[in-house]
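Presented below, as structure tokens, is a lone chain in the form predicted on its own.
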Amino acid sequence: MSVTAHAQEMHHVEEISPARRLYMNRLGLWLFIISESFLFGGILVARFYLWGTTRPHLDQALGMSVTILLLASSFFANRAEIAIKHDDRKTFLQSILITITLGLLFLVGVVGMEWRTAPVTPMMDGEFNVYGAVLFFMTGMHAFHVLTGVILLAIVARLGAKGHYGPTNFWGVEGAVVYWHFVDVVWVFFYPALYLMGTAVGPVH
């Protein structure tokens, strides 16, 4: 590419208006979320195909507790987004740090506690166990997305502490919060599928 062509291309990029760039960013994020929805939808279908109308005995109190933590985190994530749009940096930082903390507590509850106390594992007595495989895969995939959300929010919090965002420059916060809400919505479907729906049996070999 010649210097002139490169300069023309850069000039074209600079001509994109802030509103247009925001529209493109939002469109890209929603396309990504739609693609992720197919992934989680397929996992949910696999749960009903493999477990049918049954489920393993799981700790109901733990399941409810981590669900409450995640739903509460969405409230604070939304609070952080609204705060930065109104240039309330103190509330923004407080809210986003609370969101991160609740997300980490959710991970401790699911990965640190549920995985250790669950009555089933993917392999039991040297044989593949469908109940354990589905449980660990569903919770593991969701936990991975929660972890990526926590990392994303931590980056946003660090940039926000440096004054990177404001009422006219909030896309980074908005994008991270929308992704976090998506992860929460996925758990709204996963929680009843894992803990509530079907007859509790097991441990099953």
Partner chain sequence: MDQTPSATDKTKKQFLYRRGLIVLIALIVLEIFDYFMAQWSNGSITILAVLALINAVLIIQYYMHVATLFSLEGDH
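Keep in mind the model is a prediction, meaning the values are calculated, not measured. Numbering follows the first chain given and starts at 1.
The same protein has a further form, the form predicted together with its partner chain, not shown here; the description that follows concerns it.
> What I'd like checked is whether F38, G42 and R116 together line its partner chain in the predicted complex, meaning each has a non-hydrogen atom within 4.5 Å of it.
Verified in the predicted complex; spot residues all out of contact, no.
> According to a 4.5 angstroms non-hydrogen atom cut-off, is R26 in contact with its partner chain in the predicted complex?
Yes - in the predicted complex, heavy atoms of R26 and its partner chain come within 4.5 Å of each other.
> Can any non-hydrogen atom of A154 be found within 4.5 angstroms of its partner chain in the predicted complex?
Looking in the predicted complex, residue contacts with its partner chain do not include A154, since no heavy atom lies within 4.5 Å.
> Is I33 part of the interface with its partner chain in the predicted complex - any heavy atom within 4.5 Å?
Looking in the predicted complex, residue contacts with its partner chain include I33, since a heavy atom lies within 4.5 Å.
> Wondering, does F170 line up within 4.5 Å of its partner chain in the predicted complex on heavy atoms?
Yes, F170 sits close enough to its partner chain in the predicted complex that at least one of its heavy atoms falls within 4.5 Å.
> Tell me, out of L104, L97, A83, V111, which residue has a non-hydrogen atom within 4.5 angstroms of its partner chain in the predicted complex.
In short, A83.
> Under the 4.5 Å heavy atom criterion, name the residues of 57-91 that approach its partner chain in the predicted complex, in sequence order.
Counting only heavy atoms within 4.5 Å of its partner chain in the predicted complex, the contacting residues of 57-91 are Q60, M64, T67, I68, L71, A72, S74, F75, N78, R79, E81, I82, A83, K85, H86, D88, T91.
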